[in-house]
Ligand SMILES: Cc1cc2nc3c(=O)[nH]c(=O)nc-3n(C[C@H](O)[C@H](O)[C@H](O)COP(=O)(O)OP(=O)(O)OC[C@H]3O[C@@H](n4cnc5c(N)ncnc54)[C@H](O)[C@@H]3O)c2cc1C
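A single chain comes next, written as structure tokens; it is the form predicted alone.
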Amino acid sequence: MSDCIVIGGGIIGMMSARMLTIAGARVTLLDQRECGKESSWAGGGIISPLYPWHYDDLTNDLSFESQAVYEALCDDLHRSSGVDPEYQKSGLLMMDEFDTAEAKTWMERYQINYQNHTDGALFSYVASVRNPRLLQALKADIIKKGVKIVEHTQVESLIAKEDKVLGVHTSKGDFLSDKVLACAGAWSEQLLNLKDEIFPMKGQMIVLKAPVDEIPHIILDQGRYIIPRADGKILIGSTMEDVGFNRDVDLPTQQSLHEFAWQHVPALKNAEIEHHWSGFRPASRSGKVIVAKDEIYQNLFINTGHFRNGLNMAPASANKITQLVNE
């Protein structure tokens, strides 16, 4: 029997399991597929909200808190696992919205400055990671720390008695624990009574092969981005599609993403498209992340609804939920 069951092995679930274990808990983590192979893997790896003034205070606070520790965290995970998450502070070149009244008010409040650039505003503090490598490192690290991971296990329902959760029913039998933490991302609504609050927002991305020094900064314009990787790969994303759990990718979207890339960086016009994929962000109807104790069950906790910001909020979100679990 575990002290805590964590449902969901994305960046939020694994980071939460890590913090709980460091705090002394015996943790079992359950995932319906393989850890880190859903939204966390599919995203771009930018450690910042794209347009921070679009989000609530909690999202911004958790993002800033996470930004402050990410470089050291990646170094720690690299040492522990032997896998380099490839943290790089390349800065983000924003080509739109930075000069709006809303953006200026936000920057004044948080004392954020940018460098003037011929194409917009350069936020030099913004970094990125290669998220598949971060997830690989994180998984190896939490296993080393003692987290029991059970993959390819569908959580079917909670085991509850009155106002307490005793564990979960799964496709591999029952798992019992003192506490349960739900980090199921876009699938949270299927398990929890959240009143249709969480839903999947599909995003399609492509990756191009290009010279390593072709793009010095992350580029953001009209909600889409271009992210340079240390190995010369260039990520282009991302669409926003409210289509349920439909994983299909399509040629018009691929062409649109590629066109966006070469219109901003002409040298990418003939770049080879190596891969095209989709993922499901855990969006919330309210637009707010949920890091909280459940309103019905006294020992059920929820860490979900991070939308596009799961990776950049993960360390602080995990810290906050660990504090709630241990109260």
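What you see is a predicted model; the values in this text were computed from it and never measured. Heads up: residue numbers just count along the shown sequence, starting at 1.
Although it is not shown, the form predicted together with this ligand is what the next lines describe.
The three residues 136, 144 and 147 each lack any heavy atom within 4.5 Å of this ligand in the model of the complex. In summary, among the residues 121, 191, 103, 165, the only one with a non-hydrogen atom within 4.5 Å of this ligand in the model of the complex is 191. Taking a 4.5 Å heavy atom cutoff to this ligand in the model of the complex, the contact residue among 183, 226, 180, 94 is 183. You can rule out all but one of 276-284, 53-61, 258-266, 293-301: in the model of the complex, only 276-284 has residues with a heavy atom within 4.5 Å of this ligand. Contact annotation for residue 17: none of its heavy atoms lies within 4.5 Å of this ligand in the model of the complex. This ligand is not drawn, but in the model of the complex it has no heavy atom within 4.5 Å of residue 175. Taking the partner from elsewhere, residue 90 is found to have every heavy atom lying beyond 4.5 Å of this ligand in the model of the complex. Using a 4.5 Å cutoff between non-hydrogen atoms, residue 203 counts as a contact of this ligand in the model of the complex.
Of all the residues from 289-327, those having a non-hydrogen atom no more than 4.5 Å from this ligand in the model of the complex are 306, 307, 308, 309, 310, 311, 312.
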